[in-house]
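Below you will find one chain, with nothing else, as structure tokens; this is the form predicted alone, and questions on how it binds or moves follow later.
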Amino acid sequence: MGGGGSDVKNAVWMRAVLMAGMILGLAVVSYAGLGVVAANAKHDTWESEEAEYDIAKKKYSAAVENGTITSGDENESLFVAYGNAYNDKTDAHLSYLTYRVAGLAILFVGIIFAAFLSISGIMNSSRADEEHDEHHGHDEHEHHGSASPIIFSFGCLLFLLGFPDFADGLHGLMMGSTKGTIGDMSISMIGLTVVTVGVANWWREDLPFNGYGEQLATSDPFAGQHIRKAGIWVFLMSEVMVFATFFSSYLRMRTEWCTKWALDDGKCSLESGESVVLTASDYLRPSGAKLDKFGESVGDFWTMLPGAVNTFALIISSYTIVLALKVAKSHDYKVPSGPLGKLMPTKKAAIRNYLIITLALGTMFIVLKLVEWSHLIAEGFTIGTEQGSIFYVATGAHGVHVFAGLLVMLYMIFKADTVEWNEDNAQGIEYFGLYWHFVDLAWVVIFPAFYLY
């Protein structure tokens, strides 16, 4: 649905291009610092530890061949040195992945953000101001049909058609390989471009909306409610069913597995021919999983830490978007005292900055999610297993919902910085807040089930 209201001049739309440049610049600097400088230093350490591991392995193998020591004797100093060298090499590799993947993730997210802003700004500023005025004259305070959902849906279709190859290409980039990545990602990137065009068209239709002409539902059970609010609730009902499917599927499979920690605690037993099942929580929990060769723990607290941090990040982000809505609906905004007052000197700045904080927390969620995945994959927990497939599908679907919310939030920040939110049109923040709270609540359920159980 598009809305009329005040006209939006080309100069306003060009501010989106300026915002895109700022975000892209920040992403490039972050990538250079994390993904290049810090990652290269960690890569050198990784190579050094790998060389130490090769030396320890040769000494151990030679001693076994000569009969000096017995293979698998954990009391032998060479065996201990061999195991320690392996663990040091693994830790160095994970440390390298942390910086490399974080840098690449920030760069990738920054490019997508910049593309949405710049394409929307350029497309919508391409018309002369006179055309804006003419359009405004025939559309004031009036909602109308929109082609944006159709364009957006077609882009999603293309993205999903190419997603398997896109995932392979993205994995290659994360791991430092560039072979075939451009071709693998092409169909999905075209889909993302079409999605961006659809979003740009929606921006043009919705940005001037000043709160007047909001359509009301006329039939039960939503009679008298804003149609957009009823629509978001119906949408969230469908989303509950989607995530309930993931969650129930996981619990159904999980109850049949004899996991490492359950076996150690005597809560299950293995039948003939069965093997222990290592879930994500085993890899994430300290001392949760064991290396077959050395009997050393590969459970990594730092691999679970991103999930824990993300939980608090989403909870805080739900709070900050509520603060943005509260300020937008206030009739007499009062500047907070202390340092916060310098960050929120006006009502306009307060709304914008609360939304920016929400965007930053959501972006941190995506970056830490990719870092966590890189650690799990490096430790052997891949999507090719029964337990890995449901974990990556469920947490990945949630991550996609977070990222989609961030793209909408970009628009809200742009509107806060230009046309402005106020008590008349603040329902836009309210409706998006419902979606964002749902994403937060979904993660509060996913985290204990997939990470701690």
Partner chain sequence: MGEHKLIMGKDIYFWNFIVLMIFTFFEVGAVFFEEWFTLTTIWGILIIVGIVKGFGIGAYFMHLWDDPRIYLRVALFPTVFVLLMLWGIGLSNPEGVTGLPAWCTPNWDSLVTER
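Every value quoted in this text rests on a predicted model; they were computed, and no experiment measured them. Definition used throughout: the rigid core is the maximal C-alpha set that superposes within 1.5 Å between two forms. Numbering follows the first chain given and starts at 1.
Absent from the display: the form predicted together with the partner chain. The rest refers to it.
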### Task
Counting non-hydrogen atoms within 4.5 angstroms of the partner chain in the model of the complex, say which of 263, 161, 230, 383 makes the cut.
230
### Query
251, 190, 343, 276: which sits within 4.5 Å of the partner chain in the model of the complex by any heavy atom?
251
### Query
Where, among 97-105, 363-371, 195-203, 304-312, do residues come within 4.5 Å of the partner chain in the model of the complex by heavy atom distance?
304-312
### Query
Does the partner chain come within 4.5 Å of a heavy atom in each of 222, 226 and 244 in the model of the complex?
yes
### Message
At 4.5 Å between heavy atoms, is residue 255 in contact with the partner chain in the model of the complex?
### Response
yes
### 4.5 Å heavy atom contact, residue 15 to the partner chain in the model of the complex
no
### Query
Is residue 237 close enough to touch the partner chain in the model of the complex, meaning at least one heavy atom pair within 4.5 Å?
yes
### residue 318: touches the partner chain in the model of the complex, heavy atom cutoff 4.5 angstroms
yes
### Members of 316-333 lying within 4.5 angstroms of the partner chain, judged by heavy atom, in the model of the complex
316, 318, 319, 322, 325, 326, 329
### Message
Once both forms sit on the same rigid core, is the C-alpha displacement of residue 40 at or above 2 Å between this form and the one not shown?
### Response
no
#### Entry: Core-superposed C-alpha of residue 389 shifting 2 Å or more between this form and the one not shown
no
